[in-house]
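The chain below stands alone and is given as structure tokens, in the form predicted on its own.
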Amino acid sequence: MATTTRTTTPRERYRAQIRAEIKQHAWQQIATAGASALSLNAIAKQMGMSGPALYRYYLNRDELITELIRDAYRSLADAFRAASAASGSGTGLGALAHALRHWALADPQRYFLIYGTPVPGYHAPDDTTAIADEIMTALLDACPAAPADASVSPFEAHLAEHRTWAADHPAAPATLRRALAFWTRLHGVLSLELAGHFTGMGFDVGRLFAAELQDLLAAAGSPPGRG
């Protein structure tokens, strides 16, 4: 049975182009003053449009922020998917760690939009968590399974009863803890690095990240990654 491909109209292509240009200006604003200072009226002025004209493309600031957040999560999810496909069954967590750092360093403001200080007065729609869940699922899939006879610590028992963040992944409590350790420790290094808190301390931050990763991989029983 033949499939039909819908062709976009010139008006639809023009609308998509303007929305993309608006987002480009929004990222420039965020890089300069942070997401809390995002102004649609300022973007309209930069683009030579009136405020009401721009609101035909985004109803308000929150709708634009939501679009940027979705784009950011999607780009990280895609980076994780590519890293997983490239590594096969060989490096797992290591591949995801290097993908995370490369993604974060490529665009620090994109990183901070989803992993930095929340934007005052903004509440993300529930559907944005679906893409974030893809990222956590990729992480849990890459974690080596704990031995069947492994004892369960009090915190792991707690995680077994509080696993909403794991997006219903069937991972054992010990695996949940490994994933959390990986996520929190590497984000800790990245957040401090991107915020400039290591500046002037005189050591190679890339080596710190690699050392933290090696410790995590050894604890998880995963093959070492690059670095």
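Treat the numbers as computed from the prediction; the structure is a model and nothing was measured. Numbering starts at 1 and runs along the sequence shown. By rigid core we mean the largest C-alpha set that fits within 1.5 Å across both forms.
From this point on, the text means the form predicted in complex with the DNA, which you will not see here.
A heavy atom within 4.5 Å of the DNA in the model of the complex is found for one listed residue only; from 194, 31, 160, 49, this is 49. Contact with the DNA in the model of the complex, defined as a heavy atom within 4.5 Å, holds for exactly one of 27, 183, 57, 198, namely 57.
Checking 198 to 206, 185 to 193, 58 to 66, 161 to 169 against the DNA in the model of the complex, the stretch whose residues place heavy atoms within 4.5 Å of it is 58 to 66. In the model of the complex, the DNA lies within 4.5 Å of some heavy atom of residue 9. The DNA is not drawn, but in the model of the complex it has a heavy atom within 4.5 Å of residue 45. The shortest heavy atom separation between residue 15 and the DNA in the model of the complex is within 4.5 Å. Using a 4.5 angstroms limit between non-hydrogen atoms, residue 174 is distant from the DNA in the model of the complex. Residue 186 shows a C-alpha shift below 2 Å between the shown form and the other one [criterion: core-superposed Cα displacement of 2 Å]. Once you line up the core between the shown form and the other one, the Cα of residue 44 ends up 2 Å or more from where it was.
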